[in-house]
Every structure is written in C-alpha cells, then in structure tokens.
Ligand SMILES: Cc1cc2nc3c(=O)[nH]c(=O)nc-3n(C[C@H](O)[C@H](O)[C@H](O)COP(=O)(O)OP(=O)(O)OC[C@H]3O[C@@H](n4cnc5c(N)ncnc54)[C@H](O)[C@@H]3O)c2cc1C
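Given next, in structure tokens, is a single chain: the form predicted alone.
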C-alpha cells in the first residue's frame, strides 16, 4: 500500500498551510464574542473567494469538484491551526445532504448562498428526551394546506444564536413506527414563533442553544426528501458529520505544544520531558494520533472509490474523540494542579488551553451520536452482529 500523497496533493498542502499560517490569527472562537465572530467570518469569506470553502462540492453547486483527498488535506491543515468554519453545518452537513436528497429547485435555492458564505446554518436534531435515541423525537409537524406547523423543542442546537436557517427533524406521523414517521425540514430562523436560549457549557462558552418552536409555519417545499422518510435523509447527514480528521489534527498541534512545554518546564531540578513516565505518555499520544490520521485517510480513500464508509466513519469518530480526551487527561496529569488554572491566572500553563480542552472534550464523545451508539454501528454494520 502506498501511503504517500501525490505531488499535486503535496503542493496543495503547502499552499493551504501557508494560507492558514498567515490568515488565521484567532485563538479558540466563542461565537458570542462579536469581534471573534467577525474575524472568523472574514477569514471564511477569504476561503470562499479562493473556492476552498466548498471545494469538495460539484462545480454546478459552487464547488471545485475537488477530490476527497484534497478535502481532507484542507480540513487537516485548518484544524491544525485551530481555524474554524462557522457554517460547518452548511458546508459539511446540510449542503451535501441537499445534493443527495433535495429537488433541483432546492439545490438552486440553498446551495449557492452556502458556497458564497452568505448564510449560516444551525442544526436541530436532539431534544430533551431524544439524544442518542434520536428517533424518539417529539417535535411535531402538522400539515396545514401548503404548509406544516411545527411545535416543540430542540436542544444542543449548534449555531443557534447566529444561524440564519436551521435543518430539523420533526414527527409528521405519530402513529407510524418511530423511525418511519419523521420528516426533514429546513426552516428560516427568522420565522415567527422561533425562540432560542443559549446554553452555557462547562467550559464557559455558549456554543449551543435550546430552540423552541411555537406554531412555526414552514412551506412544504422546504421538506427535504419524502414525507415520513426523514430518518433516512438524516442518516446521510450524520455520515457526513462523523467522518472528520479534525480530532487528529487538533491533537497533533496540542501534542507539539505539550512536548515543547515539557522540554522548557522543570520539576525537581530537571525538565519534565526527562521523566520517563512523561516521555512514555507523550510517545503513546504520538502513536495514537498517527493511528487516528490513518483511519480518517482510509475513510477519504473509500469515498474516492465510491464506497460508503458507514462503520468506518463511526470508527473515526469514536477513536478521534476518545484520543482527544486521553490527550487532555495526559496534559492535566503532567501539569498537576497547574493544569486546572484558566488563562486569566498568571500561573496558568499554555494559557489554560489544556484545562479548556479537558472540559470541552467531555462532550465530544456524546455529540454527533454518542460513542456507545457508534460502537453499536460498528458491531452491527462492521462485524454483522445482531441487534439483540
């Protein structure tokens, strides 16, 4: 097996790397911070001007028709420097989903604004009593002439405070089996009856919201796919969400910072890197990061061959998120009590980034389908094991 990239791909990586190093000047992004939001949006528009934001899309929808390997190079280099696409929902999830399941009119209406960086999408899947068991959702959509009337609540809504549109799953047939009475809608966030309330996470950021729908009227031409078949449309969306090299790339950058810190920081008169336990922990993280990269490269390779990486995407999500958690714990172990200080403290190590990572990564094994659910997918689709 040849693990090398082509000359064209390596040249593209150098170009992207140079762009990221010069254009991304922000740290972690709190979308509630107006200056950080504006800076990230300006960066995103520069990417759109280069055609990089949706480079993996077909040309007729505003993309470049780039290969999956080019796309994974782009995402890897972005994640390494911490760069972020605020409209990740549009670029990586609902946009590709509309390409697969949308009508031609829907494609022409919704895809170009995403490609031009003119819109931000939010996601409305989870509910207070429907998270990992997503098919138990209760947001109701009742037909009323040429519209549907939506009532209910979504929670953990990504980009809820800044979204222009939201893609949601709603129950359109309460008498059908729970997987078969769901439809998939795209909804204007400015529609009367929508209320959003930010949720402050344990890392101190409000990246999610509760979203309430009170008699929200949605035209029926904003249903994606067939009525009562929305569950299967959503599974397409989630397969796009779960395959991401970002966990490996972000971990690689964090590990580099930890190694540098361990070389420069002394304890009991010697550098921490000279302690055998510390050295072995860091080496183990380096090995796991390389494994995570190769799992994601395999997903991209399968996509280039027209294959569907269903359980392989679950492997990438599970290993990548748990790697992120292990790396955060390793950093906390090496720093001791100093690791619990945030960036405001004069004694904080690495500006408090390890503490933030330690808190943030707890949610990574839960969102996009908990890792317990991912293991079920791997068991059933990968190993052929029965459900019971």
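Just so it is clear, the structure is predicted and the values come from calculations on it, not from any experiment. Residue numbers count along the first chain shown, from 1.
Below, we refer to the form predicted in complex with this ligand, which is not included among the displayed structures.
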Inset, instruction - Choose from 112 to 120, 187 to 195, 272 to 280, 156 to 164 the stretch whose residues reach within 4.5 Å of this ligand in the predicted bound form, heavy atoms counted. - result: 156 to 164
Inset, instruction - Would you check, heavy atoms only and a 4.5 Å threshold, whether residue 360 touches this ligand in the predicted bound form? - result: yes
Legend entry - 4.5 Å heavy atom contact, residue 95 to this ligand in the predicted bound form: no
Inset, instruction - Report yes if any heavy atom of residue 24 sits within 4.5 Å of a heavy atom of this ligand in the predicted bound form; otherwise report no. - result: no
Legend entry - Touches this ligand in the predicted bound form: residue 131 (any heavy atom, 4.5 Å): yes
Inset, instruction - Check each of 125, 213, 80, 247 and return the one that places a heavy atom within 4.5 angstroms of this ligand in the predicted bound form. - result: 125
Legend entry - Within 336 to 353, the residues that have a heavy atom no more than 4.5 Å from this ligand in the predicted bound form: none
